[in-house]
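What follows are structure tokens for two forms of the same protein chain, given separately as structure 1 and structure 2.
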Structure 1
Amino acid sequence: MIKTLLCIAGLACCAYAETFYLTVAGLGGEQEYEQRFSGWAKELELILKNEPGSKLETLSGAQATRAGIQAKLADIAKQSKPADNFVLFMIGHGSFDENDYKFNVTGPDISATELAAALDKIPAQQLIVNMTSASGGATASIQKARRVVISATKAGTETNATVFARYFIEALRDPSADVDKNEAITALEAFRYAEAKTAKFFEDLKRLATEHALLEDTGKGDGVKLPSAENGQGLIAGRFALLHTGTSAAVAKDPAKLALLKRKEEIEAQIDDLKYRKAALSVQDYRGQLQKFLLELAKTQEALDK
């Protein structure tokens, strides 16, 4: 089995997927917000710059324009492949007029409809982390199959400046966010961490919460606060590795073991998928498939540890 996996490694390394990150820090309107938004964008750059296979782009200040965003998205559409990942971080203020969401940037704002049109041309699997006010108003326009959409608010009517971005970025620094301890922080893990921290922020201040983060990754229906097998949300987000940590990051830089790491993540994704299908399977079938996956996972991990 190990020999077979190593042969697969030799083939898969040639087609190693890349992750394209685009962070956009929109208009603050006030100096406090300008500094906060640009600071968060710089934090993301520092955290992600050493992620293997990462291609980072950041737009802020005068560069963060509708035309600038569309141009970057068009470039990524040309460069990326279906096997790649793409992450869009949106930081700042947003608005919603009961018809369409708009991201407040320098010059004309960019709408959710315009973003969706540009995103649809990108072949990579996508994660959109919209951390702006009114971000929930964009989900209906942006959601699509193979696209994870995280919003800081549950609707376009939650218009106060958000704190969700602070805690989503914190999730990428805090080892406790890696709940399954597999040395990879997924979109689902970062969302759960940031959602819980945001809720606690308002509880500690004894204030009525003005933002309620949601996640949607089925391409249909509304986002949810608690993604699970029961509501069908979170499966793709749980497979979407945002950041590798510890020895996992070092392994990802080793061409001889890179594909083994990818295979490990694929097996973990198959286990997650099985859990989501558990209700439709007999107990015997479920246990048999789970045992098969766990055995292969153990053997793959053994090869990685050598």
Structure 2
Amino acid sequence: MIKTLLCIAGLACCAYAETFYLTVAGLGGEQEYEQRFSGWAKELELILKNEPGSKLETLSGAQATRAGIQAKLADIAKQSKPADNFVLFMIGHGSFDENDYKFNVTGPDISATELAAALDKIPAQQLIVNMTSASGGATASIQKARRVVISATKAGTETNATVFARYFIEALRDPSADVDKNEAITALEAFRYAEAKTAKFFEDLKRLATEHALLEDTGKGDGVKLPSAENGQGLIAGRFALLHTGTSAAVAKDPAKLALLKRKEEIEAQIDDLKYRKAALSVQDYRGQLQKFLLELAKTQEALDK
């Protein structure tokens, strides 16, 4: 049941709302990191530029200053509405001094507290993807209701340069990240993809992992590695569409197809219900019923796509 609701909510948000994206590539310190960070920021721009209703801003190098970031956030606060979405991507190095997290940018660094103050003025639903080292140290200051916070590290003490950003961006390019195949990559899907790939990166190299990504979207408590219904995390992230890859949004706008959409929702709900009862059914019974619902769903989708 939950899944169906999320799906519809996702369609609704993306069909009518605007999404503001702000990417900040912080100081690299060394040429290699400067290139890597600005390269990732450019990649994000390329991927997101065709997203319908998107407004993209990127700050890197000399532009990425505390004042510059605060000014952009203030701008977005003025332009956005509660129905809109706002995504902040933070790429670079971070630090944590037991009191506060700091994002390393040109000039004075910007702290998590300062970021939180600026973010609080933005009325849109928010997704903060903090991909810097020590980013886990920022979560406690930034977390808030209606705000998804993803951090590349589980704490401020994980201070090595991260690889999480590489895989988070890859998720937006790789169709396999869209695990439910609804033609939209949500924040939750991108997080799961990047988290798994980051873990495999360290496993393959036989190195101790120096970063452990977490997601927090309840506004309270710690972030989690595996968001699920059991731990209550991932509900908002699961319907926060970061990128659309198909035509589902357009379908949702067509009033002539609302009856079919409604039928589709019903079948999806039946499938969810069946999955919920899976343990109580014999394999044969479960698969038989599942196949029946899936066939009906496929036929409904076929009619929707005509």
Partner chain sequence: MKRVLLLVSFVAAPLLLVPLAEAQPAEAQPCYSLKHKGDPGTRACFQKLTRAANAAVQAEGFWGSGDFKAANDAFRAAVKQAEKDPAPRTRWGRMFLEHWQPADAAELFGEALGIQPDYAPALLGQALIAGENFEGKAIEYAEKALKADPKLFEAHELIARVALEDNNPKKSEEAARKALEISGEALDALAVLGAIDLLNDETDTPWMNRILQINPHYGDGFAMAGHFFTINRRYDEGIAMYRKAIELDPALNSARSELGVNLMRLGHDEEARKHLEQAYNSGYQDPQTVNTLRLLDSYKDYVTTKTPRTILRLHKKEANLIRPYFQYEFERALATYEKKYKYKLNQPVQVEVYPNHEDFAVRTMGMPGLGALGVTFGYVVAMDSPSGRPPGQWHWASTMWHELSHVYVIEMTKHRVPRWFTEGMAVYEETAASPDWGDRLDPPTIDAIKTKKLLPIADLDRGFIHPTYPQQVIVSYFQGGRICTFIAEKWGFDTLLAMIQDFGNKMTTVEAVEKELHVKPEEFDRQFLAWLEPQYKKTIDNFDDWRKRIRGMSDSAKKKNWDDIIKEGEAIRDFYPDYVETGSVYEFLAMAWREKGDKVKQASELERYSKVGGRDPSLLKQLANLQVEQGRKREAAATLERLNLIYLQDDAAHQKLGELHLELGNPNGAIREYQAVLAGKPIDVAGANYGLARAFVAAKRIPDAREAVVSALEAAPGFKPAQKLLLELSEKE
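Just so we're on the same page, residue numbers count up from 1 along structure 1's sequence. In this text, the rigid core denotes the largest set of C-alpha atoms whose superposition between the two forms falls within 1.5 Å. Quantities reported herein were computed from a predicted structural model and do not represent experimental measurements.
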Item to check | Form predicted together with the partner chain - structure 1 or 2 | outcome: 2
Checklist entry - After the core is matched up, is the C-alpha of residue 281 off by 2 Å or more between structures 1 and 2? => result yes
Checklist entry - When the two forms are laid on each other by their rigid core, does residue 22 show a Cα shift of 2 Å or more between structures 1 and 2? => result no
Checklist outcome for this item: Taking the rigid core as reference, the Cα of residue 301 travels between structures 1 and 2 a distance in Å of 5.5
